[in-house]
Structure formats: structure tokens, C-alpha cells
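So this one's two forms of a single chain, laid out as C-alpha cells and tagged structure 1 and structure 2.
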Structure 1
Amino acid sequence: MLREGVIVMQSIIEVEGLEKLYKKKRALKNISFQVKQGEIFGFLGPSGSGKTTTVKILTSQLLYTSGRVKVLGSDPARSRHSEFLGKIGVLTDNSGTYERLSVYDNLALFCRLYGVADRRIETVLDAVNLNDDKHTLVGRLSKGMKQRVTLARTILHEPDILFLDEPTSALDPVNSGRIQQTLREMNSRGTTIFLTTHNMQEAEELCDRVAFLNHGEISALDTPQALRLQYGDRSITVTTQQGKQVVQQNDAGANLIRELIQRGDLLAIHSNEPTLGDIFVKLTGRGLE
């Protein structure tokens, strides 16, 4: 929305005080966050932290116990099924494909379910680089190619929000990179992306903001850069002929670096920003795998 030359981004997902109980187990404990339109929002946490439960609630697959949830302006639990699902796309690491049908026939089915013209198939196959294989039976494709077919299917109807649950898990780096590139292109065309992952590198590369989920609670939420600055120890690693040395950003450190430069001993200098994985461990005391 443009207002007096300032871009005001609307919240497309609003979650407030969300709780989910499975019998006596609290899977989500009073979590609150907002996702702005056009944002890539990372929901990070280890297995069992509540990521998939959150995605299921946001995509109307699961009812929540208490709190308030709004996706595209309405509560997913009370939205009109066809209308709501026509505006979102959901991709999980175990989204299935029809293996006895060709890539084209798989997508043609979903074109008709979403009311999209068949010509859109060519566009999405180009996006995931599968146009040469469109007449191949899906059962004959590699795992990475199948994952690209499911991504193509998820973006066929140009959803307003894409929910991606571990989209590149078990993919090789080349295919992961290709899918990430497609996601960036979609995001640049205005699609909001809600990404759950335990792959910190993927989150760092893709996400505008990230939330850390641990045992059903959000322990931090900010941009990756802000989190790195907040939780980094502001040290610097200098590399000399003698090896590497960590120095603090204070007067003593500054003097040491000046001295090394004057002597011509300094080979390299790097700030020691923590990774998102490091920050997660620092905050929660546990790793992400």
C-alpha cells in the first residue's frame, strides 16, 4: 500500500497467543508473530519444536486450541475451504506426485483444480527448469526433480502466500540452489513466503526475518543481521604469518591490528559474526538437527 511515498507493508499473517494442545502436551505455547506482505519469513527450529503444527494451523489442516490466527485477513479454521486454499500454496518435504502420470499430466490436474489455464504449465516448468522433461513419467525422475515438480505444482496458481515446510531437505546443493533461486524470483514478484526449516544456511540466504521456535515457544524474532549483531561477541579474527588470532573490539585490539599493519604482518581480517545456528544454540542450549 503506498501512502505519501512511504511503503507500508500490511500483515498477511497475524498470530497472537497461539496455543495448541495434543491431549496433555502443549505443542505451541502462547506464540505471537506477524508476517508482512512480500516478506520471506523463516520459522526455524529442530524437529518436534512445533514448526509443522504451526504450518498446519495456518493452512487450515489443524484446529488450534486458543489464541488468534489470521491469514489473508481471515481465520483459516473458519475460511471458506476452496476460496482460502486457492490463495495459498503448501509444499512439504513429503508432498506426493502421481508417479504413473507425466510431469505435464500431474500439473494439468492441478491447473483444473485451481481453475488455471494449461498454458501456465510451460511457465512454471521453465521456472523449475523441467520443460525438457514434461512428457516424462514422474516415477522415472530423480528425487530432486520430483521435488521441483511439486514446487511447480505449488506455484501453478500464483498463490499470495507460499508455505514451505523443509522444501529442500534431502536435496543436493545444486537442486537446493535452483529451488532457492525460484523462490527468490517468486518473492520478487510479490509472493509472501513462510519457510520452516532447520537448515540455517538456507534461512540466512533467503529470509528477511526469522523466528526461532524451541519446545513450542518463540525464543527470538528479528532479521538475521540484527540477531547476529545482538548475539555476536564483537570479536575479530586476524590472520598473520604466525597463524590466526582472535582480538576484541577495544583499544588493545585496535592497537594490535595497527601494529600488525605497520609491520606488514597482517594477511587477513574477519569479523566473528555468529551464524544463526550458533545463536540458536546460545539461546536454547540445543542444536537444530
Structure 2
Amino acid sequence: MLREGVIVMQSIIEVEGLEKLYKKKRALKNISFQVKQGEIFGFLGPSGSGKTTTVKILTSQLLYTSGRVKVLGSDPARSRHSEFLGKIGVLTDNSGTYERLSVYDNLALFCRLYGVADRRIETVLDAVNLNDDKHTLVGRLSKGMKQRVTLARTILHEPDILFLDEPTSALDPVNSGRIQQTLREMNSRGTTIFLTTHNMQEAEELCDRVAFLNHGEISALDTPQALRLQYGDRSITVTTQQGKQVVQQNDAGANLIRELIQRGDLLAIHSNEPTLGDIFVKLTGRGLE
């Protein structure tokens, strides 16, 4: 479900029949999808499935072989580069920083490039939990802290669309939660987020809709809840006061629940909905690592 207060309008990303060939290898195979303004859209799959290739095409870092792509109403490959980049934020595996500069000076440099006031730096450092380290040289930071510096730089100019490629992959649970909260807050203010990840729990918590990418092809696309309902076995697990667990299909489970309630023997009821990871494995036969 979309966050309260977010108005979904036209498609802000449109992809139709997209293909990418590296020499003779097809990295993307005729993929099509749309992302609505105000969505958090998850592009999910294991390493090597084509997620990063897609992001680089959508952000004008890579040319595609065939198909049609529109981001913010125009083809990224043909957009006025500086104007286009001013409207998007990109976090990918090659989003570098200047290691001989402090965290603060890195962001100050990009403030000048984006035409953003320096007072914005404190806000983004707080969002990624780095205010206490703002005077540290980036080269002395851990991998996870460097990733947070890069994310701070990515959101510095409050872009219309955020393209995030595995944004929490190097982070501990506390900082992952902090970043996820920041993304929710930005989304509630209207920022569209295109999130690639193989972390299905993160996708369940953040995304309005998800697409499963497997060997360069989209295997499924829908809301997490719709996918769980479509591919689940619609069963429940009933636990009695004695700790016995019984799995029943939903239609048969009602009679058992009624009987246990009448006997005062019902302890708990759990719906056996699959996770997104379970569904991905069912559709593709592959794990997510």
C-alpha cells in the first residue's frame, strides 16, 4: 500500500521491450515495466541478474541495445545530461567519494555542484547517522560508513527520483533501520524510489510493488501482498494450549478453530503466507545470494 499522503500520478519511469547485449550475452531480455510517481518500486534478484545494468541504463550511465526507455518523460540517453542528473539521485557500486577530504567537505563540494545551501549538509548527515564523524577523512572510514556518506551525497539535492542499488548491503541492522526510515520520510514528501536489492525483508518493509528479475527476465511483478496471496498455499497453523501445532487449509481450519475455542484449548493462529524470498525460489528455482 502506498504511504498516506502520497498521490500516485503518471508513470515517471517507462520501460518497454528493453534489451542489453554485452558482446553476444543478453544481460536484459525484453523487459517491460512502469513506475508511478510516488512509488517505492523494488527490483529484486540475485547478483548477476541484471539489476545494476538496468539502473545504469535508467540513469544514462549505459546505453541499451533495443527497446524504449523514458525517465521523467524523456529517454535518459538523449536527455540534457546536467539537467537530467539534477533531478535524480544515484547510488550504485561505482558511486565514489573523495577519500582525502572530510565527510563534510565531500558534501560541501557537491552542494556547490548542485547549487544547494551548505545548511543542508547537517540534515543529510543526521539522516544517515554521521554527524559525529563529519570532520573525519573519508579514507579513514569503514566500508559501511563510506556507503552512508555516498547515500548522504545522493539525497543532498532532494531529487525527484532516487535510484538505489543495494543501499544497505554493508550496513549493520541499526543503521539499516535508520536509512530505511529516511527513505520512508523522503517518499512521504513525494520522492519516487527505485530500489534494487536481494534483501527480500527490506523489500517487504519498504516497497509498494516489486519485480522479480532472474537471468535478465522479469518473472513476476505486483504488490508484495498480492504475490503472497497468489503463490501462498492459503493454510494456517493452529497451536493448542498443550503446544500441539496443526496445519489446516483455510476452509477446513474454521471448524478446528471453533472447536478449540469451545474447549478453551486455542493458544495461537498463524497464517502461513510465504515471504518474497520463498516466492522467488518457487518461481525461479534460485536463491538470492
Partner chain sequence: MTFSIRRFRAMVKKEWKDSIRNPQILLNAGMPILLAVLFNQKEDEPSDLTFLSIPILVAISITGAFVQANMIAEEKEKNTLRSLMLSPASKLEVLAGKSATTTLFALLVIAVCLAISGVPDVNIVYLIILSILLLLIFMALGTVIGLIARTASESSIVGLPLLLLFIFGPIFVPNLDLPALMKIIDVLPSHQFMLAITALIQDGGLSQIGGNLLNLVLWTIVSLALCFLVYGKKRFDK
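The structure presented is a predicted model; accordingly, all values stated were derived computationally and were not measured. C-alpha atoms forming the largest set that superposes within 1.5 Å between two forms make up the rigid core. Throughout, residue numbering runs from 1 along the sequence of structure 1.
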Q. 1 or 2: which is the form predicted together with the partner chain?
A. 1
Q: Tell me, please, whether between structure 1 and structure 2 the C-alpha of Lys87 is shifted by 2 Å or more, with the rigid core used for superposition.
A: no
Q.
On a rigid core superposition, would His135 pass a 2 Å threshold for CA movement between structure 1 and structure 2?
A. yes
**Q.** Large Cα shift (2 Å or above) at Gly177 between structure 1 and structure 2, core-fitted
**A.** no
Q) Cα of Lys146: shift between structure 1 and structure 2 in Å, core-fitted? A) 2.8
